[in-house]
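Okay, here we've got a single chain as structure tokens, the form predicted on its own, with questions on binding and movement later.
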């Protein structure tokens, strides 16, 4: 089965362009082909969004192995790769292809993070030996880190959607409502607004539980004078957004106001540090230095942010000593926070794109402290 014909846009910005750039890196690695097993990477390179697929990218040809559940879907989605429908298992079909053409696939690049030991042994069994396995060095993830114009437009849509859903949810945040109810309303609003679903399980954490950086929403009812952390994300066209806001039910205490102001200042410092050529660690340092000036840095217990795209966590990571150099077109979250046991937590998170001048916000919801 052949892949469908492509448009000029797909050639310039889509799978064909991505495959071409990948082949350049593959040649530099000295590998004959790359085995792509991580489904977001498969989708990025050939457009296939099914739940079962292996992509083999060689110098002159790419082949997607999938099963009969995806015969029609693959025909519609796949660009730049031949589709082979496996009748006796996708892994077996790939192993037979490698065995038939073993002279072409002596050095096979792969990602140890995504190819299991069992799968690797299976590919080497029954005459499939003789392959020299080469670590791929995250070739596809590095390509994915810099978004093209179409990707940026889609992520912006997802960011605007989650911002709008949050703003509509504000009227529902009141004493007596449960964390689970609010999370359900947010996820319902994402689908009502055209998203395919949430980027992750929505976080709603109130009161002392707001100090749990990754709390799951529970049956707890919101109470007056509590901080409420809401971390939500939407998926549109396969691309994710990720935004956090912290609100206060009723009038915030002076301590809560001071903490909120310090976190917002730290986020602004991190955003101001973003520009092409700086390292991911530089951005993280800017946020921590700002919080340190308020003697709050020890309450900041996670990284400042991460890449965003087909997955909600991608390269690069904005963490201590991270040496990835930022490039124009990267999409990042910026999300400093402070978490005080017995009091509560505050996190403010936005999605930004790295521009030639610095950075541009994609999420649009208000960032100032909201007292509801």
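Note that this is a predicted model, so its numbers are computed, not measured. Residue numbers count along the first chain shown, from 1.
Just so you know, the form predicted together with a further copy of the same chain exists too; it's not on screen, but the next bit is about it.
Only one segment in the set 139-147, 193-201, 162-170, 246-254 has residues whose heavy atoms sit within 4.5 Å of a further copy of the same chain in the predicted bound form; it is 193-201.
Contact with a further copy of the same chain in the predicted bound form, judged by any heavy atom within 4.5 Å, is made by just one of 100, 106, 214, 224: 214.
Checking 96, 185, 82, 282 for any heavy atom within 4.5 Å of a further copy of the same chain in the predicted bound form turns up a single hit: 185. In the predicted bound form, a further copy of the same chain sits within 4.5 Å of a heavy atom of residue 49. For the chain shown alone, residue 76 is a contact residue for a further copy of the same chain in the predicted bound form, at least one non-hydrogen atom being within 4.5 angstroms. Within 4.5 Å of some heavy atom of a further copy of the same chain in the predicted bound form lies at least one heavy atom of residue 112. Looking at residue 292, you'd find every heavy atom of it more than 4.5 angstroms from a further copy of the same chain in the predicted bound form. Although a further copy of the same chain is not shown here, in the predicted bound form the stretch 62-91 places heavy atoms of 68, 69, 70, 72, 73, 75, 76 within 4.5 Å of it, in sequence order.
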